[in-house]
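In the block that follows, a single chain appears as structure tokens, in the form predicted alone.
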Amino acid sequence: MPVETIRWSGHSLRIIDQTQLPTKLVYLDCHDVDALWHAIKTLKVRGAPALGIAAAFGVILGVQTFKGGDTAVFIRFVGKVCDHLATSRPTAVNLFHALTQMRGLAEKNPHLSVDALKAVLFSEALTIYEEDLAVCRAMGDHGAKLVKNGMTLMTVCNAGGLATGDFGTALGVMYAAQAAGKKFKVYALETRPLLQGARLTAWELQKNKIDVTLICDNMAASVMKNKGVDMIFTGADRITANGDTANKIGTYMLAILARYHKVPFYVVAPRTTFDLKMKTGACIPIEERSADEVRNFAGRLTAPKDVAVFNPAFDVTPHELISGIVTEYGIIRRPERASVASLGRSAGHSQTGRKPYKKNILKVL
């Protein structure tokens, strides 16, 4: 395992405080739902799959405080906890899917006692976590088949173990390729303004002895032209029914550059990142964050303190620019509405509940 991002520890959720990396590896224990909400909001825990896991265990943190034996009241309480967690960040759909699962499970079991329902919810949260471990490995195995010995790869932001419960999405492909004995080089974009590529991806890949070179975001075109980039892998925070994909700001730019330089561009994401009720990327809510994240760099003011700032955390890459989407079920080639819909049919995808994970049920399209 590259790094253990999340662990349930007794009555609290232990996470890596990712704002402390790469200089310090600090673990943070969240003992209540408000502490976890703040950790999500301030990016102490981040990455779409990891946010789904955190949300599920956040419900457990919340219901630990419930006193009394009235199941109907308890179910309403679960709903309030879910509503609260849903206000933390708006773009990563995994968070909302996990909350929908937890809320739906409570509502479907009004015949259980409060204690029994708490146990069922905890079991579901644990299953969401354990399923992510298997899903990460499956995505890695599928994606690793694309990587050839001697290739030069590129990635943006952090889509590794820090963004999931285990192997990662985009970086999981690299870990699986490494495990298969393949040698390759990776260019990691620093990913301004919060430097997830510099602080997290470079740290992860170096820690796991993968040949990584860090570059500034505005070097990507030059590196593609002069260094012979063979393939790009990114993660995703939400994928709509037509294959449009929201990911960290800068991903859209990278996809455009990849098209011009004829570099295959792959998104790596589990089915929980697909939002099949949302028709196109134009519908995706894009989080806007504090202006101070742009005005400051490493704790120092780098711009006029009152200058206007536009700071979207994500952008949307149109499906036409995506060579394929690597999922736990296989690779969706040239994603568009029909091929993405096939994932839903094959995987038994549901917006309101998890279906059992079955490996390799989606044929490579």
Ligand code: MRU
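Everything numeric here is computed off the predicted structure, so don't read it as measured data. Note that residue numbering follows the sequence shown and begins at 1.
One more form of this protein exists, namely the form predicted together with the named molecule; it is left out here, but the text below deals with it.
The partner is absent here; in the predicted bound form, the one residue of Gln196, Gln101, Thr240, Thr272 having a heavy atom within 4.5 Å of the named molecule is Gln196. For the named molecule in the predicted bound form, the listed stretch (161-169, 115-123, 102-110, 210-218) containing residues with heavy atoms inside 4.5 Å is 161-169.
In the predicted bound form, the named molecule stays beyond 4.5 Å of every heavy atom belonging to Leu28. At the 4.5 Å threshold, heavy atoms of Trp37 stay clear of the named molecule in the predicted bound form, well away from it. Proximity of Asn247 to the named molecule in the predicted bound form falls within the 4.5 Å heavy atom cutoff. Taking non-hydrogen atoms only, Leu189 never approaches the named molecule to within 4.5 angstroms in the predicted bound form.
Along 27-54, a non-hydrogen atom within 4.5 Å of the named molecule in the predicted bound form is carried by Leu43, Arg46, Gly47, Ala48, Pro49, in order along the sequence.
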